[in-house]
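Quick setup: one chain, the form predicted alone, written in structure tokens, and binding and motion questions come after.
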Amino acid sequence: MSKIYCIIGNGVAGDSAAATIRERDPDSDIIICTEEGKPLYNRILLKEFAKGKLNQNSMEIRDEDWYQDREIELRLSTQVIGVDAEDKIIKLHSKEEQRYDQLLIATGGTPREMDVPNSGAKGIHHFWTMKDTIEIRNHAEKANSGIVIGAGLLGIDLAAICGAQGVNAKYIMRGDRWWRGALSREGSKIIHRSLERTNVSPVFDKDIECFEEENGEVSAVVTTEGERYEADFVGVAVGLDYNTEILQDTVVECKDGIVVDEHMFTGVEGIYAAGDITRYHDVIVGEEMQNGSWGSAKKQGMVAGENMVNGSNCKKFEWVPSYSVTHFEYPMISFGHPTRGDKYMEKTYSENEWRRLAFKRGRLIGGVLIGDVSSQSRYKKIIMDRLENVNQSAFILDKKIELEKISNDQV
């Protein structure tokens, strides 16, 4: 009797798991349940679509024929409301139940709403799905004044969308700089200057008291200090609430996400998780980590699919994630875990060239490169090779880093 593999979520993690399972177990039944109404699309390009640089068709990756050709059952617009881990059943909103032998949870997260008055007013946007992005683009094309809230990677996307669409915007941050966990003041100045050139003005050290609305539509943002900023477009990116509710009646460990080992296994028979939602054991750093990059999610899905077919400890997830910011006249990339160091080193090379490296217990674990990103692969190799004491190398911040120098310079 063929095995039944159920996958909840059709992002890149779920998609890569399905493709891996089909390759490894050609005779199996594979069922994907997703709340979205369309097959896999490229989330990386959503920001470019919202900026008006791409059309909607440019983001499509799969069509329904792709799944049919591989005998993968894709259930669109399907909500899973629970999991019976003992009897190996998933429960659907339609009251239907589906048996499984192996289950993958790849449901990601839902953008977090701000817990302040009028946070549900029309014109307040969260940036996550295709539907969100269409609404953002349509609104930004006609908006005059905007506010962006949230000093992270999704926040900078929303700020760049305002800039590209000609929305005169304020970018409100709780701290004293953008992405303060990864960038120093010196590095963040480069980003702030670039934002200002697009008529997006950073506003620092502010908390939001409430939104004001007129006839159900947002009209202004008020800070806890009583400052009022008028706006007819608001973008909010203050984190994700991970979609773990379906596991509440199981013993799967959930801790701001789903806890898994390096094999993407939850420890509960037949249940795996992959993608943004996972808090996984990083075998390179030796700690529990969480990462939402596209490449990381794809690789986790492949590892999970392999282990679902061949056994829970068949393949390890060993990966250095990376994330690119492509909004400015220069490139920027983060790699590894740039916010998790116990020591940092940085250097400025020119007005728009800067880098910062994060170390833990003498090892390189991550960094951010602005301007010249050509060294990213060599830094990733240092991380993968687990080189010791590189935080003492005289060559680690060389603009054109040479691996042989780093290796010979270890103490």
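Each residue number is its position in the shown sequence, starting from 1. Keep in mind that this is a model prediction, so the values were computed, not measured.
Keep in mind that the form predicted in complex with a small molecule is missing from the display, and what follows is about it.
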| item | value |
| --- | --- |
| Gly275, Gly336, Gly146, Gly150 - the one with a heavy atom within 4.5 Å of the small molecule in the predicted complex | Gly275 |
| Selected contact from Val303, Ile258, Ala297, Val221, since only one has a non-hydrogen atom within 4.5 angstroms of the small molecule in the predicted complex | Ala297 |
| Residue stretch of 182 to 190, 166 to 174, 323 to 331, 116 to 124 approaching the small molecule in the predicted complex, non-hydrogen atom distance within 4.5 Å | 323 to 331 |
| Exercise: Val80 in contact with the small molecule in the predicted complex, heavy atom 4.5 Å | yes |
| Non-hydrogen atom contact Val283 with the small molecule in the predicted complex at 4.5 angstroms | no |
| Exercise: Asp29 in contact with the small molecule in the predicted complex, heavy atom 4.5 Å | no |
| Touches the small molecule in the predicted complex: Met264 (any heavy atom, 4.5 Å) | no |
